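The data below hold one chain only, encoded as structure tokens and taken in the form predicted alone.
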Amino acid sequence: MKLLLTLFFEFFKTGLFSSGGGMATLPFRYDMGERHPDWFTPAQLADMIAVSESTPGPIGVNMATYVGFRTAGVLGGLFATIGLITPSVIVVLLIARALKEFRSNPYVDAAFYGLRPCSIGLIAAAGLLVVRIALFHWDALGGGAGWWKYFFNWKALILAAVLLVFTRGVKATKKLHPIVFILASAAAGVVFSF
């Protein structure tokens, strides 16, 4: 029962303090993984991001359910998911009526405007974290002569460059749906053993 309550409160804190959607929760998840290394590693976090981004549903909820299930089975998945969504439910219930009245209030408007940079910062931090985990092997840093051969995840760098070219540089593929690139990346990961 202690593990279930720990899952609930860890994800409750994540849901309470993150603003800006599932990607904005990633810095909190990274911290959670450092404090509870038996729950998931940074590499497993990167895998969860990839799977959660390519499956239906909100990324934050998908990841909470997965971590909870992996840690404590079905009940763990349920407690982690409920923990993550409870703060949002409470906040929505508390301010739903008041928001209609106060939405024209300049202080409320300024508060919402102030949350935008917070969300951008959290999402940018999450993006940098994903880049750090996916493209580099930090444990190889300073490992003697030729460390740079092992520091870069060359397969991932090449795939990222190819995707950048096809999503931004090739006119014929620019307008393809993102799912095409997600599926192509998944196939490349299987074929080239990422």
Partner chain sequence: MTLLKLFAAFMRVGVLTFGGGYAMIPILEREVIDRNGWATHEELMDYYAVGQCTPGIIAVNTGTFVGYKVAGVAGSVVATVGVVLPSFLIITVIAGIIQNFADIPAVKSAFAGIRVCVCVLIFNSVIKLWKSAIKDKAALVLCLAVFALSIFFDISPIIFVVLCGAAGILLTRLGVRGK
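Numbering follows the first chain given and starts at 1. Predicted model, so just to flag it, every value in this text is computed and none were measured. By rigid core we mean the largest C-alpha set that fits within 1.5 Å across both forms.
Beyond what is shown, the protein has a form predicted together with its partner chain; the following relates to that form.
Taking the partner from elsewhere, Pro37 is found to have every heavy atom lying beyond 4.5 Å of its partner chain in the model of the complex.
Residue contact check for Phe28: one or more of its heavy atoms lie within 4.5 Å of its partner chain in the model of the complex. Although the partner is absent here, Gly57 is a contact residue: one of its heavy atoms lies within 4.5 angstroms of its partner chain in the model of the complex. Within this chain, Leu141 is remote from the site of its partner chain in the model of the complex, having no heavy atom within 4.5 Å. For the partner-free chain shown, Asp47, Ile49, Ala50, Val51, Glu53, Ser54, Thr55, Pro56, Gly57, Pro58, Ile59, Gly60, Val61, Asn62, Thr65, Tyr66, Phe69, Arg70, Val74, Gly77, Leu78 of 47-80 come within 4.5 angstroms of its partner chain in the model of the complex, judged by any non-hydrogen atom. Core-aligned CA deviation for Thr86 between this form and the one not shown: less than 2 Å. With the core held fixed between this form and the one not shown, Phe9 has its Cα displaced by under 2 Å.
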